[in-house]
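Here's a solo chain for you in structure tokens, the form predicted on its own.
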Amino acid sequence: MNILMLGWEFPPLKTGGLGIHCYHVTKNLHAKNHHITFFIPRSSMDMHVDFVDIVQIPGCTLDPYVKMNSACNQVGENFAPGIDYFTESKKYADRVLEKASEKKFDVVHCHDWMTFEAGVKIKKKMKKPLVFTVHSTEFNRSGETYPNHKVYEIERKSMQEADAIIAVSNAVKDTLVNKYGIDHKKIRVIYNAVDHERFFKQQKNTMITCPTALFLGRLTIQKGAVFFLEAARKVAMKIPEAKFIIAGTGELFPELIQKSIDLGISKNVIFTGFVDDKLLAEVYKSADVYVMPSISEPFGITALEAMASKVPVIISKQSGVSEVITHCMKVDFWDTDKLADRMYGILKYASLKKTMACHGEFESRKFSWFDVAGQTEQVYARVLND
């Protein structure tokens, strides 16, 4: 089967779960003897991937978090000021339509809102079935507070045109049905997975001896880093030597630094900034507990990565991954008393930490990207046979 994929990130150009998903799904679809052409906005980095035909689309900038630092050839997470992403997504749609006419494919598969309009144009012009994977909705990105109505309308109208939609959790599916009016019959839930071996084989950093809790993610309202800091203050009152790592960047970076000062724990908090993908496994192994207090998390691949790293995990009940993992602790994101209590317990009691680490690592093994690709393959077969 020939598959045309549209996305706005692909490793090493990535900001989070979407890029990880696209990389592993295309790799495993290739292993199943499918050919994938992947359209991505042009960057200053030449991209050559053995298992997918990467086509960089010139003249548009789609991603609001990724920018290239050509001096060090590294991708960092940040906002690119002065860019109108609605205009850019329309440019992308027009240019992609031109490129698509040069390719042979059986199905077009789009990832998240900035590629949705392009997918609809290709479907209408070339009469090909259209599949969307929804990694996040505007309600998730806004932390369920003030969704951008313009983005919402693009998502809603485009998803009405799709032949099938893949949601990364039942929470996302419920949002699509209840807030976007999408027919539940055309939505299939396919959970994300983890590259287990990559994280499991990393050795523990023995240089770090103090109790350490880790937050890793974009520093946006959605990810709940403020709640991590508030819980950290309560833990530090009982374990003064504890360290709290905040790994990542985003628009809340300055605010979170000030928050740590206001809470009186600035000496306990380490802000790493952007974490290069090569260092990611090492960062997990530096922690005694991983905390994901997201306000609205469509899935949460980082929780699986931490589990595969043999790190105990505390996640918010508001995360999609909480639907499918059991060997973890779950709290409401806003309940910083319970969050602090769980963090303290893991940092204080070695037997609890060891038990959670071992059971969590074993559970993470059941999440296979090969299986995700197989389920995605079934969605393609369904839309081609309708």
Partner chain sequence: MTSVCFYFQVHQPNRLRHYSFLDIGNSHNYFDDDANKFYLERVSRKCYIPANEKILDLIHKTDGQFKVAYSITGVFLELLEKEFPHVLQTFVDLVDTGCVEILNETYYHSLAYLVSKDEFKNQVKMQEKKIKSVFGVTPKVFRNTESMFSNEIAATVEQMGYKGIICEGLDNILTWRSPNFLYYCRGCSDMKVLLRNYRLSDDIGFRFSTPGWSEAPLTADKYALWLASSPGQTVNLFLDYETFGEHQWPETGIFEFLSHLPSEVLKNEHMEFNTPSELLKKYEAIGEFDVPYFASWADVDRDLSAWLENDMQKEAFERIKSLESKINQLGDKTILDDWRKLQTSDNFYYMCTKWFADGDIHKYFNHYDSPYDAFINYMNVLSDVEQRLAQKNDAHQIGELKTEV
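Since this is a predicted model, take the numbers as computed values, not measurements. Positions refer to the first chain, counted from 1.
There is another form of the same protein, the form predicted in complex with the partner chain; it is not shown, and what comes next is about it.
Trainee: Within 4.5 Å of the partner chain in the predicted complex, heavy atoms considered, which of 52, 40, 356, 29?
Mentor: Of the listed residues, the single hit is 356.
Trainee: Is every one of 221, 271 and 289 in contact with the partner chain in the predicted complex, taking contact as a heavy atom within 4.5 Å?
Mentor: Per the other structure, none of 221, 271 and 289 touch the partner chain.
Trainee: Tell me the stretch among 292-300, 230-238, 103-111, 181-189 that has any heavy atom within 4.5 angstroms of the partner chain in the predicted complex.
Mentor: Contact-bearing stretch, as computed: 230-238.
Trainee: I'd like to check something about residue 33: if you look in the predicted complex, is any of its heavy atoms closer than or equal to 4.5 Å to a heavy atom of the partner chain?
Mentor: Although the partner chain is absent here, residue 33 would stay clear of it in the predicted complex, with no heavy atoms inside 4.5 Å.
Trainee: Is residue 337 one of the residues lying within 4.5 Å of the partner chain in the predicted complex, judged by heavy atom distances?
Mentor: Contact check for residue 337: yes, within 4.5 Å of the partner chain in the predicted complex.
Trainee: Just checking whether residue 47 would be counted as a contact of the partner chain in the predicted complex - the rule being heavy atoms within 4.5 angstroms.
Mentor: Contact with the partner chain, no.
Trainee: Do residue 352 and the partner chain come within 4.5 Å of each other in the predicted complex, heavy atoms counted?
Mentor: Because a heavy atom of residue 352 falls inside 4.5 Å of the partner chain in the predicted complex, the answer is yes.
Trainee: Does anything in 312-339 come within 4.5 Å of the partner chain in the predicted complex by heavy atoms, and if so which residues, in order?
Mentor: Those in contact are 317, 326, 327, 328, 329, 330, 337, 338.
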